[in-house]
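Consider the single chain below, provided in structure tokens and representing the form predicted alone.
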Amino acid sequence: MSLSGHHILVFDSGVGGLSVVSEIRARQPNAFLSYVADDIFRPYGNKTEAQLQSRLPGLLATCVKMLDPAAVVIACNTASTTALPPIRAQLNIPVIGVVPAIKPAAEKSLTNAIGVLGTPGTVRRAYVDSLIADFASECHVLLQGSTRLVAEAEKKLAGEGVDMRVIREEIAPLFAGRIGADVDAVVLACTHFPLLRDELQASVTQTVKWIDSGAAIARRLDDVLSDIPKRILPTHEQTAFLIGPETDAIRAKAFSNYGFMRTVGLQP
């Protein structure tokens, strides 16, 4: 018997979007999810705005034509802060992006000292500056960009050990000096980073709230889907499509842990 519901496409440069998938599945347990990882072009954090704006609208249009979802979740802070308007202009279905959780971090901080931990491509964007001006103007805000943490998250999901020395080195600037000593909330402004929450917490001595946007994205998706009629869902297994060569069994197991029982490699 065919089931009806909502088909959602989750897109990221790699495995980071799985942290968002967890939140979506918690709120939409009966939704059908497809996942696309742009493996061959990651990390997005070291790509220019022009490169991402040139690549992503056409790539997402192809994915939507291939999969026919009801909505798209861009589960990537860098992609959302650089290319969301042209992506939306290219597609005729709702597109939900990621907003770095600067507002809730500022609200939850008791010391008015917060950190923003993202990729270099996110933390240097004018969009982030605007969020800080709008929602954290009374806070000291320390910014730290890292692509090495993206690699560590990818390693963790592949079943490899995480290098705690890298974790400590990459986040050290957020906790340095007088302001750093007061930081009590850190925005995880890359969807890869919630996958390293335990390792991040183990690398600091002070009490820190690690705040990401996954739950907010899932709530926003709820609102969007409430206005979209349900359709007959695909009958094949929920699938992760990986653009590039990395479709080995270990990586497939990582995706299966998040409900994607089939992993397919797509040649660019």
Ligand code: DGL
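Residue positions are given as counts along the sequence shown, with the first one as 1. Worth saying up front: this structure is predicted, and the values here are computed from it rather than measured.
Omitted here: the form predicted in complex with ligand DGL. The next part is about that form.
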Partner-facing stretch of 65-73, 224-232, 40-48, 203-211, counted where any non-hydrogen atom is within 4.5 angstroms of ligand DGL in the model of the complex
40-48
Have a look at 150, 196, 87, 116 for me and say which one sits with a heavy atom within 4.5 Å of ligand DGL in the model of the complex.
150
Might residue 190 be said to contact ligand DGL in the model of the complex, defining contact as any heavy atom within 4.5 Å?
yes
